[in-house]
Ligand SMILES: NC(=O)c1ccc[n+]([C@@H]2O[C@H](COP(=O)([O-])OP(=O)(O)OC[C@H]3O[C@@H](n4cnc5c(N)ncnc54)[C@H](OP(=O)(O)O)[C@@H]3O)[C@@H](O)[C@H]2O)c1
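Below sits a lone chain in structure tokens, taken as the form predicted on its own.
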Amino acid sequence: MGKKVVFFLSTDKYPSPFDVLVIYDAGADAVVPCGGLELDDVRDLVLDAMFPRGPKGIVDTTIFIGGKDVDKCEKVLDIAKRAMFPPFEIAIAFDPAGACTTSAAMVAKVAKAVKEKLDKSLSDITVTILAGSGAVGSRAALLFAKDGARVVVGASRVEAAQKVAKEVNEKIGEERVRPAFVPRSISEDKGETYEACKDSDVVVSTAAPGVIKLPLEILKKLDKCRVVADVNAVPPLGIEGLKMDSDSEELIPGVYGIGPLSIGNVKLQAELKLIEKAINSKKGVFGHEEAYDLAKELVGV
């Protein structure tokens, strides 16, 4: 058996040291960072990785696709898949900006809280995703909806929320997701945040670091909300008053909070297992749905 080599195709100038270390910890013998990747580079790089070890040796070669430009990473993935053909196929781990594993970890943690605190499943609830049109929020919307939840995608650009809702509904074949306008800043809020959240059992924030999306003043008015979660670990958190390490503890009476460190612990373990699975597979793409299965196993739901 040859050395386990992972080619890290990154759209960033400098491939993430975080991901490099996780790849090693997942079982790689060598990681080859390919930073500043342009789309025209992808096919030739993949072809060069496919052939040297032959059809049998290729099993020890893996590709990891990452970078902060998630849309560009999606295009990299598409080009990489189209470059392959039997028997020259390489397993791909796909987690741009950690979006796949972060969304998976958050939804899994919410599912556990809903089960333990509310005695319900995701198919019994409505969830609002604040800043839900981004990389993490849009993937979370799909995971929630596939498990039967009704989803409100809140965003400051309504057309972006509409796009996510349309794409998710088409993928699941049901109308479970709807868009809502939520202002970028609470200083601009004229009741839209409350309207987007008032019918939801769960409210999660996937906003950019340091942006409060759900003030306590509004949360206290949400009669139906019982669980809140936030993936942002940079103060102030998106859910005001939520503790970083809260793990389904009461934020206010009757409302249980899941903090970013609790989600982050599951995210890291899910990324490790996702990459390990890709390293030990002959082919296939391992992204947000595979990460979700792993995250659910990790939290026990």
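For every residue, the number given is its place in the sequence shown, counted from 1. What you are looking at is a predicted structure, and each value in this text was computed from that prediction instead of being measured.
Note that the form predicted in complex with the ligand isn't included here; everything after this is about it.
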* With the ligand left out of view, choose which of Val177, Ala155, Val114, Cys73 has a non-hydrogen atom within 4.5 angstroms of it in the model of the complex. => Ala155
* **Proximity to the ligand in the model of the complex, single hit among Val127, Val136, Ile92, Ala108 (heavy atom within 4.5 Å)** => Val136
* Taking the shortest heavy atom distance, is Thr206 within 4.5 Å of the ligand in the model of the complex? -> yes
* To do: Consider Arg82 of the chain shown here, and say whether it contacts the ligand in the model of the complex, taking contact as heavy atoms within 4.5 Å.
  => no
* To do: Would you please decide whether Arg184 lies within 4.5 angstroms of the ligand in the model of the complex, comparing each non-hydrogen atom pair?
  => yes
* Asked: With the partner left out of view, is Gly264 within 4.5 angstroms of the ligand in the model of the complex by any non-hydrogen atom?
  -> yes
* Please state whether every one of the three residues Thr61, Ser281 and Val285 places a non-hydrogen atom within 4.5 angstroms of the ligand in the model of the complex. => no
* Structure fact -> Only one of 214 to 222, 189 to 197, 167 to 175, 94 to 102 sits within 4.5 Å of the ligand in the model of the complex by heavy atom distance, namely 94 to 102
